[in-house]
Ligand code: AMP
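Presented below, as structure tokens, is a lone chain in the form predicted on its own.
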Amino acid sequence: MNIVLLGIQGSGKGTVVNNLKKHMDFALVSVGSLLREEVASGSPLGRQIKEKMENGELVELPYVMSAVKNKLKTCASDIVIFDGFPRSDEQADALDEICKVDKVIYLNLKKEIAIDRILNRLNCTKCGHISDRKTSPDMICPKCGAKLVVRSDDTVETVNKRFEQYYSETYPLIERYKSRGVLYEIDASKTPDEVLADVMKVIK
């Protein structure tokens, strides 16, 4: 079963994925992580991707699809979750060419709440846990004790650019998948545990 997880930046897609890992086995296809790994490698391509990400731009589709195909080859689980991908009709068309999308989980969240979450969120440099300044003012991960950092692209300017792209390019996917009868909308303003429970009901 192939599941697409959609939602505005800050809607909690990463938190949902991390919480799901505690309860079920699945293969994760996270384009964002795949691209950040390339950036971390310091390769020429990684430097180009870094510039685009920091400017809130989408990375070119040919590289994205190559990364996705390579990842799918290593997936052993019967359940595959696409985290934040596709992000446009063009990407959705490309995904349809390589696999069938069975369910789409849409984490619906108001823009104002999303902005507050993004500008206050922190990422663990070791385990990937997502926290925030309110609960972790000491910048120490509550899960593993490693350092928490702010993503370089979590700034007011880039956040606003990402929102503009989301509403113009990604939001139309909601209607696309709704018309197919595979869209499941979840209130992302609930607590992480409540959102997790709603997501698991959809998957099961």
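Remember, predicted model here, so these are calculated numbers, not experimental data. Counting begins at 1, following the sequence as shown.
There is also a form predicted together with this ligand; it is not shown, and the following applies to it.
- Of the stretches 40-48, 175-183, 53-61, 138-146, only 53-61 has residues with a heavy atom within 4.5 Å of this ligand in the model of the complex.
- Among heavy atoms of S11, none comes within 4.5 Å of this ligand in the model of the complex.
- Though the partner is left out of this view, L35 does reach within 4.5 Å of this ligand in the model of the complex, counting heavy atoms only.
- In the model of the complex, A67 stays away from this ligand, with no heavy atom inside 4.5 Å.
- Though the partner is left out of this view, F82 does not reach within 4.5 Å of this ligand in the model of the complex, counting heavy atoms only.
- Shown without its partner, the chain has R87, Q91 in segment 87-104 as residues with a non-hydrogen atom within 4.5 angstroms of this ligand in the model of the complex.
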